[in-house]
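This document opens with one chain alone, in structure tokens, the form predicted on its own.
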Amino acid sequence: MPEIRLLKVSKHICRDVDLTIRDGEVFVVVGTTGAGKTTLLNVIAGVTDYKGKVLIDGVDVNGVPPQKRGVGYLFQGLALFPHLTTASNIAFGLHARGHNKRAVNDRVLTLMEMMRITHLSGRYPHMLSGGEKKRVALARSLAPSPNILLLDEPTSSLDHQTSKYLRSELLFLLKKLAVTTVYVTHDLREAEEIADRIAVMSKGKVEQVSTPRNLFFDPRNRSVAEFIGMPNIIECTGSRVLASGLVEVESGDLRILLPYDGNNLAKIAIHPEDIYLSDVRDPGPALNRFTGRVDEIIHQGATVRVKVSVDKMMLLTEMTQDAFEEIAIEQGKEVNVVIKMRRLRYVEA
């Protein structure tokens, strides 16, 4: 599968973008609406004009039409033909390329089995759920056996459970096919789950390219730190393994339990959204539960950030305005603090 290189690419908000997407990797581009993410996909696909160069496997493809770039593109709007069945939608591009009927039928059947939509072969788009439409559109983009797959918000508009399930299946499929993939999303947690590497975009500029783990522990600038939510980075002064897959980390007087599969730990990162505050002590096991004091309350539109001191450590938490109003907390008040174990990240010493 090919490597993709963008050299000094400019289009709309994007200015002089240099980017390399490695052979066979799942490369995720994240950023807020209007950051230039979809523009980059359009440039790679060749469906828009641009300045600069695009190299695919070292070959300059400037001037090469979209249908000859070996690219499959899943648009955010899906663009399924309403008058065609599932099977016909998937087959459309193959017929347009002049493949014989038997080869088309075999390829369509293979893709429907792969995407688990064989039972939907005779249904029209209006008869499909959101998740089913996504699968059909993905199968159609894979039909010509592209070397590169471009995915624009492939799980948008789906409910949380369906989105998570589709991502898991999609990642398995991409690794199985070993297709070079550029995946666009505004959801950082989605990017974490699926990416080999992540590019953070802001105002048409690529601010940082990193592995998901390194992104949290080493944001390049304030723009990246703010996008990833300015996580709490805690230095580990000691640790001890409690059981298989579980470790207790020491940081000063604080003791935090987290899932574990490595050696001595250097740092852990806790996202502000993963720290839960309550004015009453919840029932349940006393894992990662502490008593803290509210130091500062920062209102930011629909969200509220609360700085809480726990022992000698300051933790930044974040909640919705509605959640904040449900609990009676104010500056100087004692609160119960719960750190969600499953979302903790760490780096090894």
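Keep in mind that this is a model prediction, so the values were computed, not measured. Under this definition, the rigid core comprises the largest set of C-alpha atoms superposing within 1.5 Å between the forms. For every residue, the number given is its place in the sequence shown, counted from 1.
Just so it is clear, the following notes concern the form predicted together with another copy of the chain, a form of the same protein that is not shown.
Student: With another copy of the chain left out of view, which of Val59, Met314, Ile298, Ala323 would have a heavy atom within 4.5 Å of it in the predicted complex?
Tutor: Exactly one listed residue reaches within 4.5 Å, namely Ala323.
Student: In the predicted complex, which of the listed residues (Ala199, Leu111, Ala195, Leu277) lies with a heavy atom within 4.5 Å of another copy of the chain?
Tutor: Looking at Ala199, Leu111, Ala195, Leu277 one by one, just Leu277 meets the 4.5 Å heavy-atom criterion.
Student: What I'd like checked is whether Asp159, Glu248 and Pro259 together line another copy of the chain in the predicted complex, meaning each has a non-hydrogen atom within 4.5 Å of it.
Tutor: The answer is yes: all three residues contact the partner (heavy atom, 4.5 Å cut-off).
Student: Is there a heavy atom of Lys101 no more than 4.5 Å from a heavy atom of another copy of the chain in the predicted complex?
Tutor: No - in the predicted complex, heavy atoms of Lys101 and another copy of the chain never come within 4.5 Å of each other.
Student: Does any part of Pro212 reach within 4.5 Å of another copy of the chain in the predicted complex? Heavy atoms only, please.
Tutor: The answer is no: Pro212 has no heavy atom within 4.5 Å of another copy of the chain.
Student: Within a 4.5 Å heavy atom cut-off, is Leu19 in contact with another copy of the chain in the predicted complex?
Tutor: Output for Leu19 is no: heavy atoms all beyond 4.5 Å of another copy of the chain.
Student: Using 4.5 Å between non-hydrogen atoms, is Arg107 touching another copy of the chain in the predicted complex?
Tutor: No - in the predicted complex, heavy atoms of Arg107 and another copy of the chain never come within 4.5 Å of each other.
Student: Go through 212-220, 177-185, 114-122, 228-236 and give me the stretch that gets within 4.5 Å of another copy of the chain in the predicted complex, heavy atoms only.
Tutor: In short, 114-122.
Student: Taking another copy of the chain in the predicted complex, which residues of 107-140 have any heavy atom within 4.5 Å of it?
Tutor: Arg116, His119, Ser129, Gly130, Gly131, Glu132, Arg135, in sequence order.
Student: Is Asp152 one of the residues whose C-alpha moves 2 Å or more between this form and the one not shown after the core fit?
Tutor: Superposed on the core, Asp152 moves its C-alpha less than 2 Å between this form and the one not shown.
Student: Return yes or no for Asp322: a CA shift of at least 2 Å between this form and the one not shown, with the rigid core superposed?
Tutor: Comparing the forms between this form and the one not shown, which are aligned on their rigid core, Asp322 does shift its C-alpha by 2 Å or more.
Student: Val59: after superposing the rigid core, is there a C-alpha shift of 2 Å or more between this form and the one not shown?
Tutor: No.
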